[in-house]
Structure formats: C-alpha cells, structure tokens
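Below you'll find only one chain, the form predicted on its own, shown as structure tokens.
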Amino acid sequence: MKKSELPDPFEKARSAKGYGEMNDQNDPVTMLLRHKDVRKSAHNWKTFTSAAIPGRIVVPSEVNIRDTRQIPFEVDPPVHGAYRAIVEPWFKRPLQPDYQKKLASQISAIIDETLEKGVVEVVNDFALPLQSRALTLLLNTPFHESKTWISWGTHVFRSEGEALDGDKANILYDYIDAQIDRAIKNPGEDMYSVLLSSEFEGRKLTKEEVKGVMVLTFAGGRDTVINAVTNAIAYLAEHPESLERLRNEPEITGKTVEEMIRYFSPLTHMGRVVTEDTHVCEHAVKVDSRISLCWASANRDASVFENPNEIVLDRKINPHVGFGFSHHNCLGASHARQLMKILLNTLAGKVASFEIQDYQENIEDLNEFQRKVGYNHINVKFNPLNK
C-alpha cells in the first residue's frame, strides 16, 4: 500500500447495511454511510437538528469542553439563514483578486523557505504555519498573530494524545474574549470588529454570538486544512506524474482540488440530534439520539463515483460532500479552495519532486472503523525545480 493512500474502512458496512455504530463518551452515534442518505438527512433539519446543546453535534462531542454555541453551525433554519446572511459576504472575500494575490505571496514564501531547508516535517512546520498565516487574511488581522496560533499546535481542542482537552480549549476561548474586548475599545476592519457592528433581527450581535462565530472559524478550519495540505503533498510525493500534469495543465487544478477534497475528506463526519423516532437505512433511531453524516464514507460511494478509491485529477462529475451539504455547507470553503488551488499551482511551479522519508499515520478510532485521516508527522524532502 502506498504511504499516501487513505483506505476506505466503511466500504463493507456501507454496502451491507448503510450505517455503522460508535460509542462517543457514552452518547452513541449512528453513522450514515451512503451518499444518498447523508445528503437526504443533511437536508432534513426538522428531523435531524443542529440546534442541540452546544457541542453535541460534533463527533467527538464537545459538550464537556464548551458551552458557547457555534454560529451559524449550531442553529437551524430560519435563524440559520439570518445568521449566515451576516457572515457569508465576509467568507466570500477569498474570491477577490487582491485576497488571492496576498495568499499567493504567503504560499510562495513558505515554499521558498522550505526549499532552502530541503527536508521539513510537513504537519507542524509547513501545513500548520501555512494554515495559520492564511487565517490572518481571512480574519483581516496582523500577520504576527499567526505566531500565537502556531504555538497552540495542530489542535485547538485536543492534546497530543488526541483526547479532548478543556484546558487547551480555554486558551482559544480566552484569546477570542480578549480580541473581542480589544475590538470593542478600538474598532478596526478585522472580523471581530465587523461582526460587532453587524445587526441581527434589528439589534447588534452580542459578544457571545460574535464569540460563537469566531470559535467556529478557528476550530473548523484548522485540522481540516492541515490534513488537506499534508495529504496533498504526500500524494504528490508518490505520484510524480500528477505533479508533472499539474505543471503542464494548470487549467485542471480546480478539478484536482475538488477531487482531493473528495478523496481525503479532511473532516470525517458531523453529527445531528434526532428530534423524533424515525428510521435511517431501515434502522430505528430514537428521539434525542445522535446520527452522524459520514462525509468520508459518502465520498467513496461506488454508486456515485466511478473508481472511488482513486484520485482522478480531472474528474468530470464530482458531487462530493467534503465541504458538507445543504444549508450547512462549509462557510470557509472559498478560502480552503483558493488556498489549495494556489498551493498546488505554486508547488508545480517550484518543486521538481518530493521524497517521503519517515512518517506516522493519524488514525481515528471510530469503534468498528479505523480511519486514516492524515499524519501525526511526516518528513518530506522538497527538491527544487531547476528552470
């Protein structure tokens, strides 16, 4: 098996019954595995709600480490739409040429730094700094803030042993509280200030609502971007022909980004809470129990994707759910797409090849399923392209 391969642990259960089961901190989860069931249930917010107590729809549950409701992530329509209308224009800024130019400059700089070093540990010394520096653009905050975020490590809610860590989460909460207080005293053009001046249902957003948006922004786009970046480099290391093709056919890069998001599925799944006794895949689920929408399994569903376990750089039809589906599709998708597209183009223009030297896989324990999501560490040599 190639070092960059991400096997599909859900295939057998998806085909046989369409669901799996896992125990999450004594709050069991029924995992929906088929593409059609994931999309249908994601759309059905009345039966499968996001507006549960804060932290419960996340898998693993964050109920024990936060009581701030993430907005608009943990609310349902029609309130969800009202919140989303406030924040969506801000999250569309990555589509602007000036934003992309600044992002390209950041990415070019970190690749140049890496080429000078030769060998780099990609997770902590490439993907994490890249993600953190790019976040300064999304938040419109000073570049030096990225040093603070890098110091937190790759997880904001977890310690090194992957366990949920309330003390570590408090570092993020305290940081956001301080930034909100700063923006109240000295408003600027950063995301905190823009949110504080925004109106919801005829009133200004509260500090708690602003905090909910910011916690989501920090937590939702961290591990996912780091996984996507790291997996992409590992893949290109073992598929030099793909790197060469991106170099010669830059017009396919957009399709390649979508395909990598499908194949890597940086976020395995997301939960919902059942509002009434119902059935999924002919399996009974009780009111107030949890289901998960397993994006990673849906994205390998052979009834939807031809050769689902292969990366097809220019896949023509690609209805993946790597950024979620329906009204809760990922707010940060535009930022992530631009980051990945610029990264792939810049790597193709600067790097001749990659060599994986050593690595340790990051395996998620989902009870009956063990899923590789990326790496805890991976040392890679970057060989410069001699033009």
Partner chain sequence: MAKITFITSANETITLEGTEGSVMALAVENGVRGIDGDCGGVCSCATCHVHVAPDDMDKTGVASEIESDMLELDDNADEYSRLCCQLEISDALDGVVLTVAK
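Note that the structure is a prediction, hence the values are computed from the model and not measured. Positions refer to the first chain, counted from 1.
Form predicted together with its partner chain: not shown, discussed below.
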Of 337, 66, 34, 56, which residue is found within 4.5 angstroms of its partner chain in the model of the complex when only non-hydrogen atoms are counted?
-> 337
Ok, 301, 76, 258, 223: which has a heavy atom sitting within 4.5 Å of its partner chain in the model of the complex?
-> 258
What stretch, of 66-74, 345-353, 23-31, 316-324, brings heavy atoms to within 4.5 Å of its partner chain in the model of the complex?
-> 316-324
Does any heavy atom of residue 92 come within 4.5 Å of a heavy atom of its partner chain in the model of the complex?
-> yes
Heavy atoms within 4.5 Å of its partner chain in the model of the complex is the criterion; list the residues of 39-63 that meet it.
-> 39, 40, 43
